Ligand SMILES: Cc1ncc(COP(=O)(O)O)c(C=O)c1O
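So this first bit is one chain, no partners, the form predicted alone, shown in structure tokens.
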């Protein structure tokens, strides 16, 4: 009898996907569901991208492309990174991936392994932890200071780092809290990484989605950090392209081959027509990006406003991405029980904080990437559920 792989046995299926599948099953059986669980903008992909991609198909871009991606798209990405982050990048250091999720997998599995420790501030996107398990490296989770608006805990960092620690993973703007780490925090983290000779894997998939003047500081832009940073990005969130599965990662020159091997054997290459379509149109979509961002900000303000009307509810003020992380500790039930009851009894799909690690327990995540009408319905259902819980306290 065959035995399953010891590493995959330790990996966990995404609870986010579990919630989504349960919600869709309920819908299929006739139950009305309000979806505030999905980290997916409800906008259509900008028309210029769609049209350019259709034209690419007509022009015969239906064959294999280079494993590491087309130069045309790399050039466009490099131009944007220079314009928005002030970082010069070379095409040879860039790999086009099947979304940012593949980029995370390639980076962690390609660069870490048995005997290496990877620091992951929690709560965090579950892929970081599970990719470490797949690689055979050891994820070292440290809690963020959620009671201080999701700040980095440098004392905890000092406690856990040792001679086997090689990497730290950061996500800015942050999923699931919507926090944006301050320039001071990022600078302090860069100093810490250089002092301890650490590499940084930075997931910047939400880089364009910040509200107000607090623009996220890219750690690779700081002196001495470009050569010790693996930068991950993509188009899914900012341009409503979740189904397109196109992302990228930028790797220091001496590490590119290690990452490319994982990409090559896992994916071979990203669809050529998608790359050609994006390369030929994305620069004309700044207006769409700004419109999406403005609409998301309206939804953010509405949902926060609704939470303010509920007594004894606290949350982390979202500064970026499109999530609201709500504290439910006072109700004395686990975040999984809370979200399961919210879904089964009221038809509102949300994500338990424990899906993002132990540090997320006692919270739930609502996404305001849904339509404003959906958010209104969700806020009403949430208020009704909270009122019922209050009666039992």
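Numbering follows the first chain given and starts at 1. This one's a predicted model, so the numbers in the text were calculated from it and none came from an experiment.
Below, we turn to the form predicted in complex with the ligand, even though it does not appear here.
**Student:** Only one of 125-133, 311-319, 143-151, 73-81 gets a heavy atom within 4.5 Å of the ligand in the predicted complex; which is it?
**Tutor:** After filtering at 4.5 Å, what remains is 125-133.
**Student:** Against the ligand in the predicted complex, would residue 167 count as a contact residue? Criterion: heavy atoms within 4.5 Å.
**Tutor:** No, no contact at 4.5 Å.
**Student:** Although the partner isn't part of this model, could you tell me whether residue 245 comes within 4.5 Å of the ligand in the predicted complex, counting any heavy atom of the residue?
**Tutor:** It does: once the ligand is placed as it appears in the predicted complex, residue 245 has a heavy atom within 4.5 Å of it.
**Student:** My question is simply whether residue 101 lines the interface with the ligand in the predicted complex - judged by any non-hydrogen atom within 4.5 Å.
**Tutor:** Within the cut-off, so yes.
**Student:** So, in the predicted complex, is residue 203 in contact with the ligand at a 4.5 angstroms heavy atom limit?
**Tutor:** Heavy-atom contact with the ligand at 4.5 Å: present for residue 203.
**Student:** State the residue from 229, 274, 112, 175 whose non-hydrogen atoms include one within 4.5 Å of the ligand in the predicted complex.
**Tutor:** Selected option: 175.
**Student:** Identify, from the list 323, 181, 105, 292, the residue with a heavy atom within 4.5 Å of the ligand in the predicted complex.
**Tutor:** Of the candidates 323, 181, 105, 292, 323 is the one lying within 4.5 Å of the ligand in the predicted complex.
**Student:** Are there residues in 236-261 with a heavy atom within 4.5 Å of the ligand in the predicted complex, and which are they, in order?
**Tutor:** If the 4.5 Å heavy-atom criterion is applied to the ligand in the predicted complex, 236-261 yields 236, 237, 245.
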